[in-house]
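Only one chain comes next, encoded as structure tokens, the form predicted alone.
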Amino acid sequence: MLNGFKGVLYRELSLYKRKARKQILAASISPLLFLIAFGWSFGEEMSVGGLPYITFLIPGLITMSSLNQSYGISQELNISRFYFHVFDEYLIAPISPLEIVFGEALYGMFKGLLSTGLILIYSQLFSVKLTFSPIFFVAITLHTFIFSSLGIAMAMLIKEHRSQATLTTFVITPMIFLCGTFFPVERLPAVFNTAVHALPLTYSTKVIRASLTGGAYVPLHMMLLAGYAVMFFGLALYAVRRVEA
């Protein structure tokens, strides 16, 4: 199993290395613009839950950016699948679906964790004081694994490349804006508040924000993240096996 997993991961990292500068630049622009637009605009004048808004914003940007990068592998997988038929090669090679999913998930996690590092660098440039706890590292690992697995599943389940944009519009974009990234979910109307508590980003944002700002995290939220990780990994494995069949 280890050789197949390493082969999949090695291929993805080799391709990433060729376009690393462009990828890193693309991952760094969006959060920087949000920091300039919201962080400098509100600065110390506005607070949320006793925190300066920019301090509140940084963990949200971490979850948003790492989600985009981790889930974004679905676009790469679609291109590989529909245009270059890379998955056809995987399926005829002595590689199990488990190895494929695990290798691709680790690649998505790599991209998500890299974007996290970029935003932590920004936090220093903007003089944002963060307090790191071990919970942060567990939470960001689960967070990137969840959305990498979801990206793999969606890439395998769709039947044409154009459907990916529809999924992003109706699933990922609302999640980013409603799950506590830019404002507390408690301020949402009751209907939306109930809906967003069925989404994993709500819990990863809460746990990561608490772990970076000295707040208390809810252990149940971490358990839910672990449950989402198992569920989405299982869905990705099912989707790859479905393509194989």
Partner chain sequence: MNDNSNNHKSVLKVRDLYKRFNDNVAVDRVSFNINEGDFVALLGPNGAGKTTTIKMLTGLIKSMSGDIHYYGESFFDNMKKSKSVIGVVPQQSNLDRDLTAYENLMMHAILHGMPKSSRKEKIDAALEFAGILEQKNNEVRTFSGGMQRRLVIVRALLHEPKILFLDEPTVGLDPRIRHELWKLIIKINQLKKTSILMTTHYIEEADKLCDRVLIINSARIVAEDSPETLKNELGRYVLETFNEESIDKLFFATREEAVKSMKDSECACKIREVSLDDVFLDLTGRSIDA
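Small disclaimer: the values here were computed from a predicted structure and weren't measured. Residue numbers count along the first chain shown, from 1.
Unshown form predicted together with the partner chain; subsequent notes refer to it.
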{"query": "Position in contact with the partner chain when the complex is considered in the predicted bound form, options 71, 90, 145, 107, heavy atoms within 4.5 Å", "finding": "90"}
{"query": "Site test, 10, 84 and 241 vs the partner chain in the predicted bound form, non-hydrogen atom cutoff 4.5 Å", "finding": "yes"}
{"query": "Contact stretch among 90-98, 107-115, 167-175, 131-139 - heavy atom within 4.5 Å of the partner chain in the predicted bound form", "finding": "90-98"}
{"query": "Contact label in the predicted bound form: residue 22 to the partner chain, heavy atom within 4.5 Å", "finding": "no"}
{"query": "Touches the partner chain in the predicted bound form: residue 230 (any heavy atom, 4.5 Å)", "finding": "no"}
{"query": "Contact label in the predicted bound form: residue 226 to the partner chain, heavy atom within 4.5 Å", "finding": "no"}
{"query": "Within 4.5 Å of the partner chain in the predicted bound form: residues from 4-21 (heavy atom criterion)", "finding": "4, 6, 7, 8, 10, 11, 14, 15, 17, 18"}
